[in-house]
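What follows is one chain in structure tokens, specifically the form predicted on its own.
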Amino acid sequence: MLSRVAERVYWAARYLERASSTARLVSSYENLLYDLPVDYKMSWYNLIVINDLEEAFNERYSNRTERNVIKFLLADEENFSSLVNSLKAVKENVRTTRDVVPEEAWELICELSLFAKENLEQGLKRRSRHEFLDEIMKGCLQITGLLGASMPRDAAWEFLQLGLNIERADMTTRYLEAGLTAILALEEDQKMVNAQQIIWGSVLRSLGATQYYLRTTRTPVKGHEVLPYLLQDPHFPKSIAHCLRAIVSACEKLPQSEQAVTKLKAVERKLATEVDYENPGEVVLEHLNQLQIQLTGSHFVISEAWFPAEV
């Protein structure tokens, strides 16, 4: 398999997961704002911070309003991670690798990209945002499901898994970081109400994890249970542990993978570091930050192994 084809499949998977995560993040954050007590103030700008996009946003906008944040995340063509740019990148990467991707997937990607382009204004308006984002999430899931049901388990499939799981793990760390940051920002009197449960419940819903969390832990929604579940549960597909295992497994099935596997297993060991989840604070926040840095480094490990820069 040509390295440039492998790289495009990898990035198609990353951008598809990124588009889905962006839509889910905006939708779940809006629901969280409705659920929190009226005296608890959360800024839409937190979504910019979660995605490490402060510099890019501040270059484009002077006011941190809801509309500006939503426009930047969904529709801004200058934001390389915006929803519209992510879908555009999926389409372009699949267009140049159509011999290894099912024809039906290409058709669905074109349809979803066209839908997003034609209905972006709906996403910017509060009254129609939910329906727009719901269609985007359904479309991404449909494409992911079709790829999983149709693609042979060859090298192209393994590169697809690498891209999907790195992006998924990265976003899970961002959800957890956002939840913990919001908890730490609570005033003492706000901690007496159910704001903490609402915030951690929102994190679980954002990842589609509520049902499985309750079934696995058999406990109410509490931070000291949510954090280890989403970090270390080996079975839930969006937990960091599951994503890292899938990344290592995909690498092991590819040629010339020894060095990459060794480095990626080191990230797995980092995840097993003992942390006090009973009293989550700055130490846990730093742990999440370090995991995020290592996940970013995982991309460079994979790139070095299979996507050498063209001379």
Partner chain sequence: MVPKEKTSSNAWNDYQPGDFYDELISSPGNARKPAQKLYSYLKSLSPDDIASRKQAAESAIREMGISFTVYTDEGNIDRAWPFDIIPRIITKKQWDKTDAGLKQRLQALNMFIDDLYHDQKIIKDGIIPEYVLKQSANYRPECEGISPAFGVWAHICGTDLVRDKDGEFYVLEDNLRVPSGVSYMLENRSIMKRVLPEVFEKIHIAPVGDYTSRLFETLTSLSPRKIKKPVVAVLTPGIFNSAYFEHAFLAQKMGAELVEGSDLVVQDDDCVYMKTIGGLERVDVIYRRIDDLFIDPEVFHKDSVLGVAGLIRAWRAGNVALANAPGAGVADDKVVYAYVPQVIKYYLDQDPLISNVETYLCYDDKQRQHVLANLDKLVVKPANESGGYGMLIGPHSTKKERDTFADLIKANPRNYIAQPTLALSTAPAFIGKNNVPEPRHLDLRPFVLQGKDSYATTGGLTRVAMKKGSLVVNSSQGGGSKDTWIVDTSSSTNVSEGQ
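Worth saying up front: this structure is predicted, and the values here are computed from it rather than measured. Numbering follows the first chain given and starts at 1.
There is another form of this protein, the form predicted together with the partner chain, and it is not shown here; the text below is about that form.
Candidate stretches 197-205, 174-182, 161-169, 105-113, one within 4.5 Å of the partner chain in the predicted bound form by heavy atom: Selected stretch: 105-113.
The unique member of Leu231, Ala155, Ala75, Ala89 whose heavy atoms fall within 4.5 Å of the partner chain in the predicted bound form: Only one option qualifies, and that one is Ala155.
Single option in Arg95, Arg126, Lys138, Lys222 placed near the partner chain in the predicted bound form, where near means a heavy atom within 4.5 Å: None of the other options qualify; the answer is Arg95.
In the predicted bound form, Leu53 touching the partner chain (heavy atom, 4.5 Å): It does not: once the partner chain is placed as it appears in the predicted bound form, Leu53 has no heavy atom within 4.5 Å of it.
Val226: touches the partner chain in the predicted bound form, heavy atom cutoff 4.5 angstroms: Contact with the partner chain, no.
4.5 Å heavy atom contact, Ile240 and the partner chain in the predicted bound form: Heavy-atom contact with the partner chain at 4.5 Å: absent for Ile240.
Partner contact for Gln256 in the predicted bound form: the partner chain, 4.5 angstroms, heavy atom: The answer is yes: Gln256 has a heavy atom within 4.5 Å of the partner chain.
Residues in 276-304 close to the partner chain in the predicted bound form, defined by a heavy atom within 4.5 Å, in order: Heavy-atom contacts to the partner chain in the predicted bound form: nothing from 276-304.
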